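Shown next are two forms of a single protein chain, provided one at a time as structure tokens under the names structure 1 and structure 2.
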Structure 1
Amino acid sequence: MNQVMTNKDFEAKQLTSSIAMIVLLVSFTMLFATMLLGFSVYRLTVDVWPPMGMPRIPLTLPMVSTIIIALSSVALVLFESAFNKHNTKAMRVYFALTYLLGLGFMFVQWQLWNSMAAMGLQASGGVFPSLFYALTWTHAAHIVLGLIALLFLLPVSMKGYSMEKVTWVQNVSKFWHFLGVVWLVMFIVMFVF
């Protein structure tokens, strides 16, 4: 597409990709909703929670993750507004911040798995740890995808605003915020209650 995009083309392209992204996010929502449904079924049908002989997972690490991922969402919002204001310098800062916080989330996640292992919670140790591992694995896999997607914004943050990249920025950030919301729900449903 070498020709200059007209305004109408541009709007159409944006609308199209946001429709597609919404459909995609509905799909992802169903994936996580099903897993959380499974979690809730086990949670509600068991007599004692956590089940006999299982330690409760301390809130500290999940809480830290929640804060980190929330901050990364905020950083990404700031990145977007810097992008829209054509402020390349601020874009670079916020991009780096988002990315580092994303990596930080993965690091804390790693610590969480280690700490669960140290408490004697193995993935194969019954359905209680299974649930925690499987849901966090699935979410973490998506975070990795998100981190890869964020990389596509790297050239943008180097070169600055360009009309062609607007949809990229919007879609990647939709996905990233979505992962944040999913984590928040997981945090409340799985760790707090």
Structure 2
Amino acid sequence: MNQVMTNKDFEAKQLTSSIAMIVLLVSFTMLFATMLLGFSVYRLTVDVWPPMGMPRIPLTLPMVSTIIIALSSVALVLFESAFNKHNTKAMRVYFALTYLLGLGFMFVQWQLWNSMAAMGLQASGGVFPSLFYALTWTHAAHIVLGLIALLFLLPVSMKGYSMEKVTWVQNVSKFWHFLGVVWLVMFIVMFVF
């Protein structure tokens, strides 16, 4: 009877944790949606794009960022698969790969901000550059949170599969994949069109 109650408690804890993560992601979605809506409204109301006197931001660095974050999501999916198969050795490899790709994404973002500054696009230079910086800084702040969240998987990757850690792996994965999807939308809305 006690074992049944323990399993029910565990399932209730998993459900609560999953719902909390979904609520968190919905709130982040609203934040990014609001910012992207502001960006879109500004873009639709200016006569020319980019605005007069402003250079167009080259696609190279944003595209590299997109490829890196997509690869990190793939690596994390492989980590989850290895976790579910109790393959600790593969978990370590895919955890390290996911983390290094996350750091690589941040490095390319830093290069993007440097290139924007070199083009004369400063955050204080008007609506056009301030929107780019605000969106990319906000996303970068979330990536930093994602890298911190990934560190919670480090002990899991060292010790191997544990029933108690299933929810951790699922929630951290949801958060990381969410950041990848947000970046993809930002890339299309802000840099491609």
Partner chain sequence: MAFFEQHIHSEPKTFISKYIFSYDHKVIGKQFLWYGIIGLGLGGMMALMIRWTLAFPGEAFPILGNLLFPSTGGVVPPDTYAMLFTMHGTIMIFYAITPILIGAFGNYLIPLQIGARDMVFPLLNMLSFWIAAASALILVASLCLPLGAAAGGWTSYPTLSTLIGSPGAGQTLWTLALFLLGVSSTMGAVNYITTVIVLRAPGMGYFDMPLSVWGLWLTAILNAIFLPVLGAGLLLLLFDRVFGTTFFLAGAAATTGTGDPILYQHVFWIFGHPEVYILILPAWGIVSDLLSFFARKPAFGAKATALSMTSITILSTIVYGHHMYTTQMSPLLTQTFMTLTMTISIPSAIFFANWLGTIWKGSIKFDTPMIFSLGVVFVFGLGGLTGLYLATVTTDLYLHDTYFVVGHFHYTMAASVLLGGYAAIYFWMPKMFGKFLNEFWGKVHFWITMIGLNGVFMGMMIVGYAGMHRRLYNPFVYEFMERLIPINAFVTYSALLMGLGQIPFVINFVYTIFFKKEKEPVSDNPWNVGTLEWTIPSPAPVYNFKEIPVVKCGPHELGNPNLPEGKDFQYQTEEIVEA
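Structure 1's sequence is the ruler for residue numbers, which start at 1. Since the structure is predicted, the reported quantities are computational estimates derived from the model, not experimental observations. Between two forms, the rigid core is the largest collection of C-alphas that superpose within 1.5 Å.
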{"query": "Either 1 or 2, the form predicted together with the partner chain", "finding": "1"}
{"query": "His177 C-alpha relocation of at least 2 Å between structure 1 and structure 2, rigid core basis", "finding": "no"}
{"query": "Per-residue Cα shift, Glu11, between structure 1 and structure 2 [Å; core superposed]", "finding": "3.4"}
